[in-house]
Each structure stands twice: as C-alpha cells, then as structure tokens.
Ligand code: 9MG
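As a starting point, one isolated chain is supplied in structure tokens, in the form predicted alone.
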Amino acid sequence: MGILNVTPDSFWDGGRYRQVDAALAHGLQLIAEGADILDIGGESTRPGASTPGAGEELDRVIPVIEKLRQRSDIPISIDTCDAEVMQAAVAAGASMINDVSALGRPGALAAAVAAGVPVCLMHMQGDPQSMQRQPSYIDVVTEVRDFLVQRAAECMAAGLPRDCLILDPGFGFGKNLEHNLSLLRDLDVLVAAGFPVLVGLSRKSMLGKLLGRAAEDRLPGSLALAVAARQRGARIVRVHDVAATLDVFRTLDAVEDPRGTAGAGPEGHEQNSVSRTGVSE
C-alpha cells in the first residue's frame, strides 16, 4: 500500500502533494513502482494534528481520486474518519476505507455499511491530539487484539461482511516504543484472530527513538520493520517507499523460494487484491 498524503502537515510528506497535479504525479509514480493499493489521506493523524472540516478534507482528496481513477484502475483506499468523506470518496472511485478511529465517529459505521467496500479498522488509544501524552496498557498485545476483534464483531452485527474487514494494530497511535515493539514481536496474536492485518510502520517516530534518526534517514529501519511485519503474517504493508520495500520483499522471496524470482520487476511481486466486495489473496 503506497501512501499519498494530500495534507499540509503530515509528518513525512506534508505539503509536498497538496496540489492535484503533484499528487497525481506521485500516485502514478507509486503505481509504477509496484504499489497494489494507494492510500489517499486528506487529514493528518500525526501526534497533535488538528482536524480539518469535512469540506476541506473533501476539497483535498476528491479531485485526486477522480484524476487517478481516470489514469489507473488500481484500488484506492480513502484514509479518513469522516462519514461524508467516506461516501464521497467511494462515489468518486475509492474501493476501500482506512479509518484510524475504527468507524468510531458519528455516522461512520453506517456510511461504511452503505458503501459496501473493504474497511480497515485501526486501534488508537485517545485521539491524535492526546494519544502520545502518556499511553498506558497492562498488556498491550491482548488489549489491542481484544479491542479490534470486538470492534469487528460490532461492525459485522451492523452489516459489514467479515471478508470486508481488515485490522490494524495502530503502531504509534497511543503507543510508546516498547508498546510498538511488543505489538510487532507478537503480531501473530492479532493475525490469529483470522482477519487480514495491515501495518503502518514507515518512517515513524519509533525509529527516531530507536535509532536516533530523523524522518529522512529512516528508510533502512522502515525496511527492517516491513520485513518483520510480513514475516509475522501482515497481509498489507503501508509504506512511503514502495520501490525499496518491494526490492527487499522480492530479494527475500528469491532466497526463500526460487519461484520468487519469477516476473522480475514491480509486476512480478505477490499481490493481495482489494475489491468492492472484499480482500483476497
């Protein structure tokens, strides 16, 4: 999953792709590098970020979705918590909803049911304004899993099919470094719940704390985390650096299985497909 932020304040690429033409060019670049899904977001969820109104968020994301849909049939994920944005984005051509609040805002669950597309439910302790002040857990792995499984059950009861649900433990969202490392070490606990798991670890502040590196110097650490997540069963890896991540995955595939060398280039990597009806291998 390639990340395309059309925000002024995202921690890594905020402001670079605010203009539609720049966002379109970057999205097409991510596709050329081998992305299976594009995740387009118009609301920054970095710690302390403010929340834009739905109108502002729509102005940021809808023109980009429409332009990309004219140029490519790649699955597009809308990264939003807002019901109105979900509805408009799917109408414009998005085929997945990625919600860091797990459909917790007013109207979001009903909007997702009506949209009939796959939905990623993420765990977050608190909200972007407060989540990193003093995150606290007794057992972070169990608590995150239990929350996501319970939320998935609530979504299914409301009408979302099981095969439309994806779970994300929410690395960096109300977690400190040790929480994040514990969640990654024991990612198989969440995978065992039986839902596809998405992880977002790319260039995050946990690497700054772990390695003392600024965001622009975190690519090696990001690649290591992506590999660790994939080895522990993650089905979708959300990244800024698509080409580099796929190079690492294809190299490891070649070592583990000679068949992994088939179809060299971005088109040859193993894909997970996301459609309007669900997630499949």
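The numbering used is simple: start at 1 and walk along the sequence shown. Just so it is clear, the model here is predicted, and its values are computed rather than measured.
One more form of this protein should be noted, the form predicted in complex with the named molecule, which is absent from this view; the next part is about it.
Query - Candidate stretches 134 to 142, 114 to 122, 185 to 193, 87 to 95 - the one whose heavy atoms come within 4.5 Å of the named molecule in the model of the complex - result: Selected stretch: 114 to 122.
Report task. Could you check which residue among Arg238, Arg60, Lys67, Arg250 gets a heavy atom within 4.5 Å of the named molecule in the model of the complex? Result -> Among Arg238, Arg60, Lys67, Arg250, a heavy atom within 4.5 Å of the named molecule in the model of the complex occurs only for Arg238.
Query raised in the report: Considering the named molecule in the model of the complex, which of Leu198, Cys164, Leu103, Leu148 comes within 4.5 Å of it through any heavy atom?
Result: So the residue touching the named molecule in the model of the complex, by this definition, is Leu198.
Report task. Determine whether any heavy atom of Lys204 comes within 4.5 Å of a heavy atom of the named molecule in the model of the complex, and answer yes or no. Result -> So Lys204 counts as contacting the named molecule.
Query raised in the report: Would Asp82 show up as a contact with the named molecule in the model of the complex if we use heavy atoms at 4.5 Å?
Result: Contact with the named molecule, no.
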